[in-house]
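Both blocks below hold the same protein chain, though in two forms, and each is given as structure tokens: structure 1 and structure 2.
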Structure 1
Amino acid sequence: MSDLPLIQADRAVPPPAATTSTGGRRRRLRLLSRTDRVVITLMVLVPLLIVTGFVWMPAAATVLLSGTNWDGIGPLNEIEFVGARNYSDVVNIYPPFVPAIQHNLLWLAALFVVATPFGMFLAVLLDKELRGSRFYQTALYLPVVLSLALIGFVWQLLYSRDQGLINAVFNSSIDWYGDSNVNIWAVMVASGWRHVGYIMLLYLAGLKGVDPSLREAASVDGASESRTFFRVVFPVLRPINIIVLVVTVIESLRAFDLVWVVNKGRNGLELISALVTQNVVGEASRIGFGSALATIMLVVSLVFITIYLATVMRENRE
């Protein structure tokens, strides 16, 4: 009987501590066959090479070329480095730059203040599983799969001065794409039409992941639907909100296809992306100058992308 407590004590002793994560990882690697190791290496290496070759190297080359006066024709060994002169010229002596900045900011405001809240509103309605919600989801998301260039042609059927539907309905003769006073608003409506479907899908996916018990608890406390959404549901959607913010900023910066189809980014449709194309692949062929414009776009985009990545990494640590 005297040995029984000792036996029980031995049983109560916790098992040895598990091996460290590093040791466990090495053990799992030893269990992998050579074929598995080759496959894993290729799955990591191939995407890394593609991203490096098609994203990071061109971005680095753009930043380097922004400090040169290369015209894209002469040999590389004759490139002359001019420092920050291209950036100074962009700001001080390049007339389309200020209107392009204004139009990009206006584009961002239109997407952020009008299109994004409307897409969120549609997502809230479709989350209620209304009759025919699948059809509405498909119809609203359909413009997203279309390119902005194709959307420009589609809206040309509405905006045409002579045969457009809008002028026919209102018996007017407005040149929606040609008049510099209204064309920026016309193309923003077309762009917003596409943006609404994208935002709707993002928020709809986020709403499907919200715990139903949160809404039930708010309903028991007597909160209205709008109060429940803004006080309970919307804070839970914080990761989606960050993604939407980044997507909206990037969409406002890369708004190129639509204005290029309309009038190549001139006559009231100046945008930074269109100016980059005009200088790099246009008749001017000013690679260094166009690279400076592209670098400005890159820096602005990286600010918001960095905010997004920092937020995601902080939430993963928590």
Structure 2
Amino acid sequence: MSDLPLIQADRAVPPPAATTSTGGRRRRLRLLSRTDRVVITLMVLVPLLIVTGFVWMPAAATVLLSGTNWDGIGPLNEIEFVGARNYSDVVNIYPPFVPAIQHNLLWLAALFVVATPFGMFLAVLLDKELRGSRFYQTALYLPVVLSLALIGFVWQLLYSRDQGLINAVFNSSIDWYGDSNVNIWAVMVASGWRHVGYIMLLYLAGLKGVDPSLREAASVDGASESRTFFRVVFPVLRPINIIVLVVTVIESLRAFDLVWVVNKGRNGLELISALVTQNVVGEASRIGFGSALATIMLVVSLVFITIYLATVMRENRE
């Protein structure tokens, strides 16, 4: 239904374009002065160099280094290759690895199943133009402007075992950040607190853009509120849904800052990104071992990137 106006627009454009296109293209070719060509070459070359130098080369270097036991000291030609030893070490004798994978997946699931739908729900409520909706909107969006690191400190005020607000109010002694059965959930609440606001805003923007006539048509047809939302509004929001999906995946992979602030990603808060940092950043770094972890993370991310690209490409083809 949402595609309808777009397709019409597409059909409307080609005919006039077709009559001038041949002549236009020839004239444009002739008009392409030397400056133009230099500019175009630069416009292609510079981004290409940047992408190669800052994205592909480091990625390739990481994969290469994951086969070595380099400690970051000494010339590059002295690097010793140890084959797949780092990978077998990661899987076999590195205790934080399995929890880290589990936590990453748990994080994704929690954001996807709880925080994202909740954000959507709030957006729908706020879209109803309740009294004081501006206030709620601001309150809910506020955490989004804070960095995750700062959010870690803010929640520390609530979570501290001996001096935190929660334990003081309820007279309990729960070790929110220290008990490894509890802390992942405590941290996820903090992370979700921000994520909900983010999703809410994205959806609110999308909802504002929905053509009111669609809703009117639905209500004339006698559709209920929820039916209108799920059958009419939600499908129209397809582009927003994809953005939200991507944002959720990115956020769950980016969870790093929060756990790092809490306890450097140890004791129940292991995440792949934290393990990479623990191993690579430091005095006598295990660059090879850390690179192996980073490569595993790259592969995990690639799965999501592939899904996203496939979706976007299918979209374009349609």
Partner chain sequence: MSRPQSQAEYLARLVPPSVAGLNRRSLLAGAAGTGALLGTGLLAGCGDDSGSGGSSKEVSLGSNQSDPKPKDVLVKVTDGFKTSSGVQVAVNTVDHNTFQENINNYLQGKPDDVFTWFAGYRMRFFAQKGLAGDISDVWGKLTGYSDAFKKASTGDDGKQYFVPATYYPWAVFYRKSVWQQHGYQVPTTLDQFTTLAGQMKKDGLTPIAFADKDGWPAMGTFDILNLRINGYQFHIDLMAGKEAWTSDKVKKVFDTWAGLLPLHQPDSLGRTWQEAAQSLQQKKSGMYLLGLFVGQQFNNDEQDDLDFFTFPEIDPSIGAKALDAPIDGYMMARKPKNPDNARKLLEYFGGKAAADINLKNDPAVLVANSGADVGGYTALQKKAAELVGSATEIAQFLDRDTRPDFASTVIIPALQQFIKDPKDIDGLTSSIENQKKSIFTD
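Predicted, not measured: the structure shown is a model, and the values here were computed from it. Residue positions are counted from 1 along structure 1's sequence. In this text, the rigid core denotes the largest set of C-alpha atoms whose superposition between the two forms falls within 1.5 Å.
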{"property": "Assignment: the form predicted together with its partner chain", "result": "2"}
{"property": "Selected hinge residue, Thr41, Ile250, Ile79, Phe97 [rigid parts, motion between the two structures]", "result": "Phe97"}
{"property": "Rotation (degrees) of the smaller of two rigid parts between the two structures, from C-alpha fits", "result": "14"}
{"property": "Angstrom shift of the Cα atom of Met297 between the two structures (superposition on rigid core)", "result": "3.0"}
{"property": "Distance moved by the Asp36 C-alpha between the two structures (core-aligned, Å)", "result": "11.5"}
